[in-house]
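Read the single chain below, which is given as structure tokens and is the form predicted alone.
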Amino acid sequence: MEEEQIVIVGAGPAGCAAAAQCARLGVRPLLLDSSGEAGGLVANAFLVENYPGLEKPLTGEVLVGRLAEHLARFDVTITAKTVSRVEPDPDGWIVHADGQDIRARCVILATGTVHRSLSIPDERDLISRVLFYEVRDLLATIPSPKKVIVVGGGEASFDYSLSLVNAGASVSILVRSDRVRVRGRLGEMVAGHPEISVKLNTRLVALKEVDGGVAATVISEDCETLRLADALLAAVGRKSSASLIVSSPDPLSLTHAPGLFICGDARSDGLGQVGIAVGDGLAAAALAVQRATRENVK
């Protein structure tokens, strides 16, 4: 069985920050990510403009490149493996990854979040064809969409919509409630855009693949209508993925158990802020290195 001092699961902002900090403190971690690449969900961001120290706002794609450069500066590589489970062991933790078992003194989970479903009929059959949960996946499948329906009234739906109109699409945002959950600059950017419309009190009830795209059945003001588009993007919330890997994770605690740390969006349950994720990663790394090196001395 392979043995490591520190295993980090997830190479988004939290995982990259943790990995670089571990290396900086003298412990080279094993960094695992199912994609084998840095970035995580931040790759979807239209602009990151509230992270301190940036000379100007950066697109998610540009920030992903900088995360990769940051890891390279500390000679940290990403191993492409999918972690299915992390379980306690007398000497630490066992990480189960693609049929391989890895024993680690400490594990840092920076696995981010998973999307919430739309809860409509035949949803799973439409995924990655005409239904998407990330804007980068949609644009990778349909590089030049003309019309897209976005479902959701939070920051993610607004941010994704700006990326879509930047790719040449017109966007209709469907919001179930009578108000959106967006404040400040992001809301102003969407409100002032001629290619984005926001429909309140509008509920998606069915989705069907048709020639050339998708047909969405929606109810607004007790009236059922059919909307046609190239694709539908669902941004109806996300939840921590930690529960898929460890038992009964505490979403508020950085230290889940001795030697096991949960950080970034996996801990905060989907706040989606790069600064919070990076801070979590740095804190988890400092605690993990302290524990791993103390146990080595013993």
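Computed from a predicted model, the values in this text were never measured in an experiment. Start at 1 and count along the sequence shown; that's the residue number.
Beyond what is shown, the protein has a form predicted in complex with a small molecule; the following relates to that form.
Visitor: Tell me, please, which stretch of 86-94, 172-180, 199-207, 158-166 lies within 4.5 angstroms of the small molecule in the predicted bound form when heavy atoms are compared?
Guide: Comparing against the small molecule in the predicted bound form, the contact stretch is 158-166.
Visitor: Does the small molecule come within 4.5 Å of any heavy atom of residue 105 in the predicted bound form?
Guide: Contact with the small molecule, no.
Visitor: Using a 4.5 angstroms cut-off on non-hydrogen atoms, would residue 234 count as touching the small molecule in the predicted bound form?
Guide: Because no heavy atom of residue 234 falls inside 4.5 Å of the small molecule in the predicted bound form, the answer is no.
Visitor: Decide whether residue 230 counts as a contact residue for the small molecule in the predicted bound form under a heavy atom distance cut-off of 4.5 Å.
Guide: So residue 230 does not count as contacting the small molecule.
Visitor: Using the partner position in the predicted bound form, report whether residue 40 sits within 4.5 Å of the small molecule, counting heavy atoms only.
Guide: Result yes; residue 40 sits at the interface with the small molecule in the predicted bound form.
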